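Have a look below at one chain only, the form predicted on its own, in structure tokens format.
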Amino acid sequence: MRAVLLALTDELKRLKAAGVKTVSVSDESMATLRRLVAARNTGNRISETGERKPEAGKNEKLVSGPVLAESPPVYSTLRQPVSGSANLPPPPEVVLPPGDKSVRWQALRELVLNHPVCRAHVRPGKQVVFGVGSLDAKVMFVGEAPGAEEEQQGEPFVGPAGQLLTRMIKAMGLERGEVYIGNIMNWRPELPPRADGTQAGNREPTPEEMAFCLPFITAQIEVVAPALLVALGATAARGLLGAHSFKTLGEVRGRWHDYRGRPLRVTYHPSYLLRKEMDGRVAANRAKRTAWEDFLAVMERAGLSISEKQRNYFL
């Protein structure tokens, strides 16, 4: 059951990243999912014929195919705020001390890492996550929120998606430490914990959560003063451009925007590119090429040299 729901969650996230807003669900599929949920609640299992079997054998197959078409129960769970997330206080006013970039950035970092609201939303043993990188970076990347690896290490983009981002930064001719990387949110959006107290899966930040944390990323942008910004994914783009500024990522990627007087480029989140690999090499390379074209535009705008080899990546 859990494996099916995780597969479903990944598929729905992939569709959403691609701009799909609705999913058709047949009555038969809905009935199948209801039987699965009912079986889980009663401790029974369901065979392919739909019969409940309290003592199912190890080799018995469960209904799984039709469930991949289901969306309402899991999708609503992914978007549902956990207790307290919709009752956040007003966004904080960030006032930094005078001084150079290092002094102001350190003061901002201490403010965020010790902010009582941020700390209240972090589970024991996990960390509030703050931006990292060069304070003199020309390019600043902005993601949406920390995941499991990020809240463990206290640094943005260190999991699989972060490793892909690092490789793409190197493909630009830069090192990770030469750019700045931050998130709209500073804690991992919460979901109800499992029996062992840990969290399985991720969800998008709510508008309230992003609004609360926005002053922190805005202050980082002001301190670093990058030449341009790159929003990674639709959620980060909505955090910077406004929650209702667009419906699908395709509406805003591929061109330049303005964020408080700085050029902003919107591109795919690295996690979307990783999910495309499940669709095969051709689909993955096509998605990576589309994202790479955004990176090429960023390189040109930042005045970075571009070789012929770089221009032809993923072609």
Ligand code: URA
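Since we're looking at a predicted model, the values are computed, not measured. Start at 1 with the first residue shown and count on from there.
Missing here is the form predicted together with the named molecule; even so, the following discussion is about that form.
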None of V128, A145, C213, M140 but one has a heavy atom within 4.5 Å of the named molecule in the predicted bound form; the exception is A145
> If you check in the predicted bound form, is K276 within 4.5 Å of the named molecule, heavy atoms only?
Replying inline: no
query = Even though the named molecule is not shown here, does R265 get within 4.5 Å of it in the predicted bound form, heavy atoms only?
reply = no
Hey, in the predicted bound form, is E209 touching the named molecule, heavy atoms inside 4.5 Å? no
At the 4.5 Å heavy atom threshold, is N186 in contact with the named molecule in the predicted bound form?
no
Here the chain appears without its partner; judged in the predicted bound form, the stretch of 166 to 174, 240 to 248, 151 to 159, 91 to 99 with heavy atoms within 4.5 Å of the named molecule is 151 to 159
Contact check, 255 to 274 vs the named molecule in the predicted bound form, heavy atom within 4.5 Å, ordered by sequence, gives H269
